[in-house]
Ligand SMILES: C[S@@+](CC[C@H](N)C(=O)[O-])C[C@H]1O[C@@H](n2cnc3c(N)ncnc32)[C@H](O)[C@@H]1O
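Just one chain is shown here, as structure tokens, and it is the form predicted on its own.
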Amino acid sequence: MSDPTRPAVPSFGNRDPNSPGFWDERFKEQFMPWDQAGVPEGFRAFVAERDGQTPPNVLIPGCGSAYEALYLAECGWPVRTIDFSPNAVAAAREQLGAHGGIVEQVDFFAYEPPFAPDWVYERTFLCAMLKDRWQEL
């Protein structure tokens, strides 16, 4: 029996998560069941615990809507976000507003950050990646 509170899954043509088109379709249709529409409290607490310390350079791969990137940028942390889906990058730039310049459209495996990352933050990047790509990390 279908659940009337859950939105119907759109029909997607691309089934390859290694392809930017896979993610483009989902962002275009705004079908992102993994998107929690905000910054987790644990993340906020983690950042707050470092108040007064020199903030590390943070890289966020597969940034999606970039909620955490916006939070870090507003806290004055040096952060770069990347995604290889044009629609995800557009969503991130919209979310980031004046900080939109911190997001780049690029494949993680070909990316050369403008700084040496001290930390890499990911919330859904690895679980969205097919396991056969993990050995490339």
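Remember, it's a predicted structure, so these values are computed and weren't measured experimentally. So that there is no doubt, residue numbering starts at 1 and follows the sequence shown.
FYI, the form predicted together with this ligand isn't displayed, but the following is about it.
Contact check for A90: every heavy atom lies farther than 4.5 Å from this ligand in the predicted complex. In the predicted complex, this ligand sits beyond 4.5 Å of every heavy atom of E29.
Taking the partner from the other structure, this ligand in the predicted complex has a heavy atom within 4.5 Å of a heavy atom of C63.
Residue contact with this ligand in the predicted complex: C75 places no heavy atom within 4.5 Å of it.
This chain lacks the partner; the member of E41, D107, E94, E49 within 4.5 angstroms of this ligand in the predicted complex by a non-hydrogen atom is D107. Residues D83, F84, S85, A88 are the members of 76 to 96 with a non-hydrogen atom no more than 4.5 angstroms from this ligand in the predicted complex.
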